[in-house]
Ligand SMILES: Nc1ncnc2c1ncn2[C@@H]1O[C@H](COP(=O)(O)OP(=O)(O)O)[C@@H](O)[C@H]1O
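For reference, the chain that follows is the form predicted on its own, supplied as C-alpha cells.
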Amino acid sequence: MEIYRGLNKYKFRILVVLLLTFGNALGELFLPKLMSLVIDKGVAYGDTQYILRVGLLMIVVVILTVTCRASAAYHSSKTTMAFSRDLRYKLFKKINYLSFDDVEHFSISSLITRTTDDVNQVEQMVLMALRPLIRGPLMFIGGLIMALSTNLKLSVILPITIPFIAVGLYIILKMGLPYFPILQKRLDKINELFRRRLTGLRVIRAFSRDDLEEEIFDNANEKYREMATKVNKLLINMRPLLTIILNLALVLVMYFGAKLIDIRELGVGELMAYIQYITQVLTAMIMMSFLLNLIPRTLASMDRISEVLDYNRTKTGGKEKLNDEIYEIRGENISFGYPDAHRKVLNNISFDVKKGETLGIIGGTGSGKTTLLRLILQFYEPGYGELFVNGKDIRNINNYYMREEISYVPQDLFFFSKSIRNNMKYAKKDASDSEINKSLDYAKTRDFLGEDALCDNMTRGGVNFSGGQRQRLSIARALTRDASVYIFDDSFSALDYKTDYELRMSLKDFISNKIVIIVAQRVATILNADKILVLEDGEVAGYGTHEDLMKNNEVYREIAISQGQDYEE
C-alpha cells in the first residue's frame, strides 16, 4: 500500500523515536522503584546519606527521562508532518493527472475531503502511533513485570481488572468500525452541498431557491450529526467505565496492601511503588483503548486515500514525442461515446486541416463540436476510427508534447484570482510584458483595459469583467503562447458583430501560418474558413467551403439564412 511505503522513507527517524520512547518508558518504570528504596531504606532508618544518594540518582533519571520524552516528541512530530506533506503531494499529483471521467468517478467534493480531512485523520493516527501507541504497550508490559517483581500476592488483582478493559476495548472496535466509512461519506455530501451552493450562487439567487438549498443542506447536516452522535456516545460512555475499573483496582490494591504491611510482608515504599505500577499498567490499557478508538476512523480514511492512490487512471496518449510543430490534423471515421452514455456523441467524423488553414466547425447544441476538440486535446481518446497528427496516431503521442503545440480558448472561461499578467502567463510562463501587451492588443481589449493594466487583479473566474471582455482576455491568453495550433471553442459568441469582425480581422495576420480550428454558432465567424465541418446529431452533415455548402448543403444553408446570410439560387 502506498501509505505504508511512504512511512518506509522515514524508517531511520522512526527507529530513533522508538529508542527514545523506550528510554522514556524505562525511566518512568525505574522511578517508583527508587522511591520505594528511599522510603523503606532511607526514611524508615533515618539514613540521610542514602536518601541523598538515591535522590540524586532519581534527579538524573528524571532529566534523562524528560530529555528522551521531549526528543521523541520532536522527532515524531517532524516525521509525521513530513509524512503527511508527502501524502498530500502524492494525492495532489495523482488527482492532477486524473481524466475528467476519473474525477467524476470520485466526485470533486470527495477528492477534496480525501486530500484534507482524511489525510489529517491519518496524520493524527501516525503521530499517536509513533509515541503514545508505542509507549502504551511498553508501559503495560514493563509495569506488569515491575508489579509482579514488587509483590506477587497483590498481583492477583490484575487478572480480575484487565479482562474488563480488554472486553471494553473489543466492544469499541467491533461497534465503531462500521460507522466511520458512513461518517466520511456524509461529510463528503456536506462538502458537495457547500461547493454547489458557492459555485451555483447566481442561479440559486436568480430563482429564489435559497430555502430549498437550506432544506437540502439541513437534511444532510442532520444525517451527519446523527452518525457523529452515535460514534461519540460510544466513545464517551467507555471513558467513565474504564475510569471506574481503574479506581476500583486501586482501592483493592490499597486494601490488601495495608493487610500485607500489617503482617510485615510488604513495606510502605513497596506499596506506593506497586500502586504506581498498577496505575501505569491500567492507565496504559485505558490510553491504548482511547487511541484504538481512532483506528476504525483511520482505517476508513486510509481506505479512501488508497482508493485514489491505487486507482488505475484512464490514460490518454502514448510515449512518442512530436519532433516538429503540428502541420496536419486528420480524422478518419472517428466515433466516440462518453462512459455510461446511451448513445455515441460522434459517429464517423472525417476531416483534414493543414498548416495555414482554418477549419470551422458549426452545428446545433449537442452535435458534438466541443467533444471533437476534446479528442484533439487528448482529454479523451477516439473510441473508433483514427485521429492523426502529422501522420501519427494520436493514441501514440505523448499528451505533454501534443498540448505544448496547442493554444486553447475553452468554451467555459476560467481565470485565477491573480493579476492579468499572471493569468496571461499560464499560456507561457516566461512571457514578457511586451508579448502580453501585444496579445492584448490583437485581442482588442484596449477599449476596457488601460495601457498599464497588467497589474490589475482578476477575481476568481474573471467575474469582474463582462462575458465579452472575458472572451477577449481568454483569446489574448491563448495568443500569448507561440503555438502551431490555435483552437477557439465558441470563443466569439459573447461579442457583438462589430467586435467579432474587428477581432477576426486582427487575428488574421497573427495566425495566418498556423492551424486554426474554430467552433462557432455564427456563420459569420467561420465565413472565410478554408473548410467548414457541419455537424448534426454527432454526424457529418456537410463539409466544404462556405460557398459550396451554401449551394449544396441544406443544413448549413438553413443555419446561414436564419442568421441573415444572403442566398441566391
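All residue numbers refer to positions in the sequence shown, first residue = 1. Small disclaimer: the values here were computed from a predicted structure and weren't measured.
Although not depicted, the form predicted together with this ligand is the subject of the following passage.
At the 4.5 Å threshold, heavy atoms of Leu359 stay clear of this ligand in the predicted bound form, well away from it. Remark: Thr370 counts among the residues lining this ligand in the predicted bound form, judged by a heavy atom distance of 4.5 Å or less.
For the chain shown alone, Tyr401 is not a contact residue for this ligand in the predicted bound form, no non-hydrogen atom being within 4.5 angstroms. Under a 4.5 angstroms non-hydrogen atom cutoff, this ligand in the predicted bound form lacks Phe180 among its neighbouring residues.
With this ligand left out of view, the stretch that reaches within 4.5 Å of it through heavy atoms in the predicted bound form is, among 75-83, 149-157, 266-274, 342-350, 342-350. A heavy atom within 4.5 Å of this ligand in the predicted bound form is found for one listed residue only; from Phe448, Tyr338, Phe194, Phe164, this is Tyr338. In summary, among the residues Glu104, Asp482, Asp441, Glu386, the only one with a non-hydrogen atom within 4.5 Å of this ligand in the predicted bound form is Glu104. Annotated contacts: Thr365, Tyr380 and Gln411 all touch this ligand in the predicted bound form [non-hydrogen atom within 4.5 angstroms].
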